[in-house]
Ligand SMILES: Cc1cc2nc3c(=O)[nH]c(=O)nc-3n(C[C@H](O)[C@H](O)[C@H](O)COP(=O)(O)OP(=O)(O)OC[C@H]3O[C@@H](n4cnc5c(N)ncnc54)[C@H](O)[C@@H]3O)c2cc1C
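The chain below stands alone and is given as structure tokens, in the form predicted on its own.
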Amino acid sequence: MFLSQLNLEQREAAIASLGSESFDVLVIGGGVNGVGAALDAASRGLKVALIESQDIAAGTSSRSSKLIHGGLRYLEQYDFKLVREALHERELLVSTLCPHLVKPVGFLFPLTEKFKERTYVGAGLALYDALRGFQRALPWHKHLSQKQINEIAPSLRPDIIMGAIKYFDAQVDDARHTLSVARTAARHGAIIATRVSAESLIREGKRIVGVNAKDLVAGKSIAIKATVTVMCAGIWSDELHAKFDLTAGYHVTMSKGVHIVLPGSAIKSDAGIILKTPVSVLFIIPWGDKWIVGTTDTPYTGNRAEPFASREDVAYIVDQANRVLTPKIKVDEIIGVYAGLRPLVANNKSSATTKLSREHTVDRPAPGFVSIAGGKYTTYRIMGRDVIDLAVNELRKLTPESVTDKLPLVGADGYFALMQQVDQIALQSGLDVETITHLLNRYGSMISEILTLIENNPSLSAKLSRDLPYIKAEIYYAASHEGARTVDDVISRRTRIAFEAGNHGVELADSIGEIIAPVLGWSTKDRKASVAAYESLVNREKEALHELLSSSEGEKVSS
């Protein structure tokens, strides 16, 4: 009945609908919680619209550790409810909701002491496994000897690592997953428009009845009428509450999380590694043929729109990883660095971010307006359900319960069967098995849409770059089906070239601009402007890093 494509035509229709129709629910925010709320509401049969001032997943939801996990460190805080809830969601995502995007990944917990530490950590991991309940999508943890650890992870220092315990969590391309939730919401009738900013609230007496918004592309104002407005603004929550003259029952403290990206050759291990640090935990995460290492957890009060890593951030990550690695990570091996901001709910601004709970808070500061903040990426579906449960009270009509725990995302249907037909699909399409596997693990059953593009234009089957897995059809598809409107959208979120390629993929920006230009109706001037805007973003990031990778002070980090 509805299509999941996000593109120019869909956006034009969405803009028209926003200004001419009335909605049950209007969602502000296109991060994972916003699109999750929109999907929850739409799948209950409600008339839903979502506006996002930038791109889908433009902020925190594209800059996480790429993990779907229960949160081992929350066991130490005795936050069993949160861990149990997150583990339940992890099992659902891996097995049912989006198995093409969320994959099991093994982690080693290295032990530096033979008996006491093994007993303590082993008990914690046994509890971690037990809290997930009866679902068993991932294997149980197991103890490894020093000999086994040397075989699995030669990079772990044999002089201090006495053994390890292997356990499993899951990983995800966060930006792609968020986009898939958005497209699933669109398939169930949600009206979705990016580059639309909420400027002020429409009030009738004390009740909020909609939002005055601005189409940032056309520069036109839109009055959007809705029975209830749901704000899922994450790190922007405090700013929007103030802008809307609302007094919320919480405020958000920002915590910066930085990650570095390394080539596969930098660390020799067949599994990820988790390390306990003085302030948190550090993950060494396999990411294709690369490694993502992070994260930091430090209070942040800077520019929300462009959080950058500092020398201290990178030094902390490298120093902590090098406690157990041999040979040590060298700063000049770093391919990419990215920083994200966690929105943590706090009672007062003096709270230390590392001690704040990752529980979420749902609030109703005014009739017709609800908001949500906090939580963790893994529990986005629960957050969407909870905020819509509160929102429907404003509708004054019977509304069905949430069904998102039974609702696979676009691309999930038939994925397991397709993975068993890789050879046949490769033969029929003319693409190699490796490329088909890559496409299935990014698009699932929607691979058919990619293959159709290639049938119509065989040149799109070529790789974008020899060193990356992406083919040109994926770049075209980002604009034709996935709502990408700029070179940055494609490099930073529809693909992960921004941190997977050297120099943030700047050398590929022109090629990408040429591929998406006809889809977006760009002139040569438009294309050059979008490429230049991405180059400017990269330059600002480089300046913020103070040329970390080549500075003499940076070299001290690796010593």
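From a predicted model like this one, the values you see are computed outputs, not experimental measurements. One rule holds for the numbers: they count along the sequence shown, beginning at 1.
The form predicted in complex with this ligand is left out here; the points below concern that form.
- Message: Only one of these stretches, 55 to 63, 522 to 530, 506 to 514, 39 to 47, has heavy atoms within 4.5 Å of this ligand in the model of the complex; which one is it?
- Response: Only one stretch passes the 4.5 Å heavy-atom test: 55 to 63.
- Message: Using a 4.5 angstroms cut-off on non-hydrogen atoms, would L67 count as touching this ligand in the model of the complex?
- Response: Contact check for L67: yes, within 4.5 Å of this ligand in the model of the complex.
- Answer with yes or no whether I292 is in contact with this ligand in the model of the complex, where contact means some heavy atom within 4.5 Å. Residue-level check for I292: no, no contact with this ligand.
- Taking heavy atoms and a 4.5 Å cut-off, does R183 contact this ligand in the model of the complex? No, R183 sits far enough from this ligand in the model of the complex that none of its heavy atoms falls within 4.5 Å.
- Does T378 reach this ligand in the model of the complex, with heavy atoms at most 4.5 Å apart? Output for T378 is yes: heavy atoms within 4.5 Å of this ligand.
- Tell me, out of L240, L75, I202, A271, which residue has a non-hydrogen atom within 4.5 angstroms of this ligand in the model of the complex. Filtering the options by heavy-atom distance leaves L240.
- Answer option from R342, H188, H481, R176, heavy atom within 4.5 Å of this ligand in the model of the complex: That would be R342.
- Item | Non-hydrogen atom within 4.5 Å of this ligand in the model of the complex for each of P286, G411 and R496 | Heavy-atom distance to this ligand in the model of the complex: none of the three under 4.5 Å.
- Stretch 12 to 47: residues contacting this ligand in the model of the complex, 4.5 Å heavy atom cut-off: Going through 12 to 47 in order - heavy atoms within 4.5 Å of this ligand in the model of the complex - the hits are I28, G29, G30, G31, V32, N33, G34.
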